[in-house]
Each structure stands twice: as C-alpha cells, then as structure tokens.
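Single chain ahead, written as structure tokens, the form predicted alone.
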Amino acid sequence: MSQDLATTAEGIEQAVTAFVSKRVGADVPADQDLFESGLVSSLFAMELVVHLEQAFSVQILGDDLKRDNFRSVQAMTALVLRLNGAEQPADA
C-alpha cells in the first residue's frame, strides 16, 4: 500500500473495507456494525488487530483493544488515524 493511502482517512477506509469484504465474502458498508451483523467473531477480531498493525504500522495495546474500536470500518479507520497521530476533524 502506498504511504499516501495509508495515512489518509479515505485510503485507510478503502483498505480496511477491502480486507473485511474479502474476508467475509460480502460488501461491507463503512458504518455497518460488524459484531451485531454477525460478520465478525472474536477470532476474526484478533485477525483485524494483526492486520491493522501490519498494514498501517501501528501498535494496538491496552485500552485500544476494546470492541468499539473494531465495531465498524469507520471505527477502525478512526483508530488507525489516532494511533498515527492524524486526528479526524470533529465533524468527520
């Protein structure tokens, strides 16, 4: 993945959406609750942690391992941006 895409909200969201959609075999809207919909199990949640760490060169530790950070593609995008120090605007 290019560095530019890996650091923008749009690029991160596209990459995470592609990974999740491929893994579950269905298109996944960025705001869909992955746990409520049954698309993500606890095992897949751990795969998501590893994928985000490797794809975006972040470390997800402690309080960041809470379920809400992995509930949707949007939540994972916000997590990666925060861990990379690129906070989203309040109205995003």
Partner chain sequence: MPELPADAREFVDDLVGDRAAEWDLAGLIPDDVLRSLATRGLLCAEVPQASGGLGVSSAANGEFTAYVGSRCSSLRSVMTSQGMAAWTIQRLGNPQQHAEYLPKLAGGQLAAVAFSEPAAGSDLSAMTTTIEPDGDAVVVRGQKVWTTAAHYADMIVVVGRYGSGAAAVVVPASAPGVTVTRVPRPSGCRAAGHADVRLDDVRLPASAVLGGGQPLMLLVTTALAYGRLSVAWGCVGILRACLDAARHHARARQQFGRPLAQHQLVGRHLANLLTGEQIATRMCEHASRCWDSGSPDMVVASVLAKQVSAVQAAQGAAAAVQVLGSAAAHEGHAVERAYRDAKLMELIEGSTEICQLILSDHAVSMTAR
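Positions refer to the first chain, counted from 1. Since we're looking at a predicted model, the values are computed, not measured.
One more form of this protein exists, namely the form predicted together with its partner chain; it is left out here, but the text below deals with it.
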4.5 Å heavy atom contact, Leu65 to its partner chain in the predicted bound form: yes
Is Arg82 near its partner chain? Define near as a heavy atom within 4.5 Å, in the predicted bound form. no
Given that its partner chain is not shown alongside this chain, does Val24 nevertheless sit within 4.5 Å of it in the predicted bound form, heavy atom to heavy atom? yes
Flag Glu47 as yes or no: does it have a non-hydrogen atom within 4.5 angstroms of any non-hydrogen atom of its partner chain in the predicted bound form? yes
So which residues in 26-45, when you check its partner chain in the predicted bound form, have a heavy atom no farther than 4.5 Å from it? Ser42, Leu43, Ala45
